[in-house]
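Starting off, we have a lone chain in the form predicted alone, written out as structure tokens.
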């Protein structure tokens, strides 16, 4: 399904930007970019704003694990941050991060760039929690200079994510990258994308941003699909080979979606065309997610 909408743009000065990597300890792209930036802060320093770099989950990184006790990137609900009885490692770490970047709702930072990698074939993706004109204009600019970039909107449903600590938080998601592995190509592309974001913010502060008013394609989160399972909760089918690595490609009703272990095809039972992302993401097996389904939307981002 494709829809169209017009969005106008207006933004005040950016004063503080936070770049976070390693929110998940086994996503090495963000971890090692943070280490690189901290060795040479001039790489991310810009004249008109301050840049903070942060390793999100250092203990999980030491063990090459996604997390120690629970997913840090699902630990930022306001009620959890205020709950002193929650004492798991990531629950405490989330409170520490909120003190550094927050408080939530009145953040000390204007923009959060949260760096992630995925085992799915997501290429270069920007994940937005809100359709704010500022981040949409930024996304429109980035896609104009690099058409490989895809923009996904999670419809404000992810208020437990780290990026939700400020109004203009977003994630950069790159893949496919195996867990606890570095991909040179995607490391370099992520680094270039971070610099492009920082340069855009600098030009925005200087009042010399480019006016990008061409349609912006946004993939709007709709739902998730789990693997077929037996009565014991065990997976009984795999991603169909025709769908594997086809993130952001159209999936039509009746198209193959799963393949059972004895070779039987299971078709997509939806009633409209959707665009799957995070197909076969390794970290989502425990969450009961085989893929996320999105709807394709065209936005007219009009500068004012």
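The shown structure was predicted, so the numbers you read here are calculated from the model rather than taken from an experiment. Residue numbers count along the first chain shown, from 1.
Another form exists, predicted together with another copy of the chain; not displayed. Remarks below refer to it.
Participant: Going by a heavy atom distance of 4.5 Å, is residue 282 a contact of another copy of the chain in the predicted bound form?
Facilitator: Answer yes; at least one heavy atom of residue 282 falls within 4.5 Å of another copy of the chain in the predicted bound form.
Participant: With heavy atoms only and a cut-off of 4.5 Å, decide whether residue 222 touches another copy of the chain in the predicted bound form.
Facilitator: Residue 222: no contact with another copy of the chain in the predicted bound form.
Participant: Taking the shortest heavy atom distance, is residue 184 within 4.5 Å of another copy of the chain in the predicted bound form?
Facilitator: Yes, contact at 4.5 Å.
Participant: Does another copy of the chain come within 4.5 Å of any heavy atom of residue 178 in the predicted bound form?
Facilitator: Yes.
Participant: Quick check on this chain: which one of 32, 248, 268, 49 has a heavy atom within 4.5 Å of another copy of the chain in the predicted bound form?
Facilitator: The residue from 32, 248, 268, 49 that makes the contact is 32.
Participant: In terms of non-hydrogen atoms within 4.5 angstroms, which of the given stretches 138 to 146, 229 to 237, 163 to 171, 71 to 79 touches another copy of the chain in the predicted bound form?
Facilitator: Heavy atoms within 4.5 Å of another copy of the chain in the predicted bound form occur in 229 to 237.
Participant: Looking in the predicted bound form, is another copy of the chain within 4.5 Å of a heavy atom from each of 58, 150 and 297?
Facilitator: Answer is no for this spot.
Participant: For 229 to 262: residues with a non-hydrogen atom within 4.5 angstroms of another copy of the chain in the predicted bound form?
Facilitator: Heavy-atom contacts to another copy of the chain in the predicted bound form: 234, 235, 238, 239, 241, 244, 259, 261, 262.
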